[in-house]
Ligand SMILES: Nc1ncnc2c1ncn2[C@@H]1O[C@H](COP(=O)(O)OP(=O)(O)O)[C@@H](O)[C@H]1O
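The data below hold one chain only, encoded as structure tokens and taken in the form predicted on its own.
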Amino acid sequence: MTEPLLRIDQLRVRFDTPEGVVHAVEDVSFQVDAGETLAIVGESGCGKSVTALSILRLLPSPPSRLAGGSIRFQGRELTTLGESALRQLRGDRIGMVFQEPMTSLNPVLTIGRQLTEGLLRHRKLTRADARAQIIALLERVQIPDPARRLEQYPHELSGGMRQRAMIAIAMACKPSLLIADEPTTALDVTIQAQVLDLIGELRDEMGTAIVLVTHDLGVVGDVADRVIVMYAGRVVEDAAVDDLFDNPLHPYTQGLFAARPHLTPAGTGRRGRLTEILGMVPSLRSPVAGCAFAPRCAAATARCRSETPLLQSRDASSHSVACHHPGQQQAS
């Protein structure tokens, strides 16, 4: 079998804090094939962004530390790769779109300076050639008057244009893998749709695989091929996007779908009411006994509270779930 583009096995990440050790990511495993779009979904604090940032070792250390596991990209182990070799991958073979472009872009450097940096470093182009490529790329990401924008600073661009500039930086060297961490946060719905369409078009043109971190199931349904659902630092479900939407098996995934807004028929006089997942996410300052979702799950049994469920395929399919009683009952 062909080795996947990205393979993560049993990843564990810890944060050392004055209050204790936070088990932010616990035994996370998944793979991404060339050209595939994988979405990582879950509530805030579930570990999805920590997992994504760990791929390029972008978490500050301390307080973070890799406690175990493997991250292999194109057959190379990234957890032990030297810093110089890792810098050669960043922005070249692996691109990154961060959650908030205003804090990710350098406020004292022009857009042109930041956009050409990757091409000058990784492609050894002249400044004139790099500038010409960047102008063409800015046109591709639908930034008007790109030659003028090169001389501007991040604060002179709108939120949507800053996000497009971030995408241009990430895609400049035509990476094999793009990591997008909540790329549509704080954008209005029209700009969100444009940004997602743009990422999809660039993926199709360049054959780039995408790891998309999001909490928005609507986004997932539009762009992803496959989805992993995370809860309390663990993967609780892994499935093709159609399988997940048609038949969510984990009570937490069922709860996420139930919590989505629903339109009510006009003229009925009824008001749509969101269904909440009762209870609280457990503290991750110590290992969680049994299933972390058990205290919030209506289907939980004594086994759920004492034995941690493993992520396993169901009925020999590619749909995997970490639950002792998958698909039995909606969360409440």
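Just so it is clear, the structure is predicted and the values come from calculations on it, not from any experiment. Just count from 1 along the sequence shown to find any residue number.
The discussion below concerns the form predicted in complex with the ligand, not included here.
Indicate whether Ser44 is a 4.5 Å heavy atom neighbour of the ligand in the predicted complex.
Ser44: contacts the ligand in the predicted complex.
Do Cys304 and the ligand share at least one heavy atom pair within 4.5 Å in the predicted complex?
Taking the distances in the predicted complex, the answer for Cys304 is no, it never comes within 4.5 Å of the ligand.
With the cut-off set at 4.5 Å between non-hydrogen atoms, does Ala24 touch the ligand in the predicted complex?
Yes.
Hey, in the predicted complex, is Thr17 touching the ligand, heavy atoms inside 4.5 Å?
Within the cut-off, so yes.
Which one, Ala299, Leu284, Leu56, Leu38, lies within 4.5 Å of the ligand in the predicted complex by heavy atoms?
Looking at Ala299, Leu284, Leu56, Leu38 one by one, just Leu284 meets the 4.5 Å heavy-atom criterion.
So which stretch, 27 to 35, 46 to 54, 291 to 299, 65 to 73, is the one near the ligand in the predicted complex (non-hydrogen atoms, 4.5 Å)?
It is 46 to 54 that comes within 4.5 Å of the partner.
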